[in-house]
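Here we start with a single chain on its own, the form predicted on its own, put down as structure tokens.
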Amino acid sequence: MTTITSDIPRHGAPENANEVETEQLATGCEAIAEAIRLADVDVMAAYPIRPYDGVMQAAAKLIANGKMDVEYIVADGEHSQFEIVKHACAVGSRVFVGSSGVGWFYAFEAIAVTAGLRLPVVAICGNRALDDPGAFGCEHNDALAVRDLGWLLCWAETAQESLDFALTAWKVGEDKRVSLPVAIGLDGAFLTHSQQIVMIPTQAAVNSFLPKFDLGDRLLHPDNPITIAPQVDQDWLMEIRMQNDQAMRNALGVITEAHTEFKRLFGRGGDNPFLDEFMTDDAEIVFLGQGTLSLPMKVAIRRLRKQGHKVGLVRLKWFRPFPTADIVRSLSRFKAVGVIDRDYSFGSPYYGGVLYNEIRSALYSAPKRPVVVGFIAALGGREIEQPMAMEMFEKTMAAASGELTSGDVCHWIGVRK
């Protein structure tokens, strides 16, 4: 570990804040463990499943070395793990939990209830292919399964963004205008187990950004007689669902506020809280995706730029709430958009992936719509290789030129014949 002096002014930090950040070589999982420490989490539950379990190991090491004080509970399974943090959150504890693949699904009852109860649990999903057939490599279907339940969802590109998203997740999820759980997607192996340079903020700076957790009058306590998880049947269910819908709508503004404050304090996060654009200023076509697939696509885009092609990349950072207005503003500038899904949605419209159909839906009412081409790629932990990127570019260019038929809109890339 190397200590460096940060050039970022801490305008919002207290006067006695230490202006020094530490530079650390860390995986995405280790970066999340540092976020748990900095957020002063009260309770974390753990049960091992690859590739998320790197967080467990890193957190245990911090505790053993006397660097973190947290109630660390090893559960008997993923379902119990999520139940533990759900109940701990209800009595006012800041919490963390995580899982991957089929472990995420084993906890699904508790995951669904957590969102319905408006409890701001923060979790990571170390994205992994679902069994069967089994694979330890990355797919996004595990985390995407909660997209309609009331969980906020974001995807990190780097270990640095993993830490930054985690700190932002507690701030956004615990905000009384939101009070919803947040799941952070970390691409299995590509991010969970790959080391990168990460800037670790000071405790004083994080304290100035992240307030103490306060459930207010929703705190489950003997002195506060309230009902948790009532059976309301048809009498009140519609009204409660609508409250959750309003909370998700509120999250757009709260995320924007948190992003602005985070960038002011730490100097990171980009210009837009929801989208990260690369070489799009004069682009005619762009690719769109989320997570670490942007890294090989940036290599391809640089090569295509050298050949004179006007191509760029738009990376989606938050999937829920879906930033519809930002998507429409950005994508309406281009002739064609190639949407890359590291997931599948069997039987969906045009047999595309989840992200593909979300993008098509967002653009439906836009006065100026680009052609949208779908690609399903890099499932099970495969990398997007440069020939695959070139194939996607050629198909997207063909769509922009009107060469593809209306039914030829979604393609599986890199599949052996």
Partner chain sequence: MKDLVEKKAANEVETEEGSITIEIVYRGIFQKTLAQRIARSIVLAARKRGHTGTAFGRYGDSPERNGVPAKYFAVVAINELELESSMAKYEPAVVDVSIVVDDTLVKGVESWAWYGRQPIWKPVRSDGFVVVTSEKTPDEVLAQTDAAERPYTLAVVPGLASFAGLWVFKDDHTDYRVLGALARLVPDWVRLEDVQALIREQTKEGSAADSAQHGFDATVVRAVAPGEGTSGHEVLQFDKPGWTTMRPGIIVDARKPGERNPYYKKYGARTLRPVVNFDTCIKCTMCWLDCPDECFEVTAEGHYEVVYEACIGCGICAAVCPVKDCIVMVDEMKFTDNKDTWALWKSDHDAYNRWFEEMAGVPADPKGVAARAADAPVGTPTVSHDAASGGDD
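Note that the structure is predicted; figures quoted are calculated from it, not measured. Positions refer to the first chain, counted from 1.
Another form, the form predicted in complex with its partner chain, is not on view; read the next lines as being about it.
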Original post:
Which one of these stretches, 298-306, 112-120, 215-223, 251-259, sits within 4.5 Å of its partner chain in the predicted bound form when only heavy atoms are counted?
Top reply: 298-306
**OP:** Find out whether any non-hydrogen atom of Phe108 is located within 4.5 angstroms of its partner chain in the predicted bound form, and reply yes or no.
**Re:** no
Subject >> Exercise: Arg360 in contact with its partner chain in the predicted bound form, heavy atom 4.5 Å >> reply: no
Subject >> Contact label in the predicted bound form: Gln386 to its partner chain, heavy atom within 4.5 Å >> reply: yes
Original post:
Does its partner chain come within 4.5 Å of any heavy atom of Asp233 in the predicted bound form?
Top reply: no
Original post:
Among Asn244, Asn207, Gln196, Asn272, which has at least one heavy atom within 4.5 Å of its partner chain in the predicted bound form?
Top reply: Gln196
Original post:
Of the options Leu316, Ala283, Ala189, Ala90, which one has a non-hydrogen atom that comes within 4.5 Å of its partner chain in the predicted bound form?
Top reply: Ala189
**OP:** Verify the flagged residues Asp42, Val95 and Pro323 against its partner chain in the predicted bound form: is each one within 4.5 Å by a non-hydrogen atom?
**Re:** no
**OP:** Enumerate the residues of 108-135 that have a non-hydrogen atom within 4.5 Å of its partner chain in the predicted bound form, in sequence order, or give none.
**Re:** Asp132, Pro133
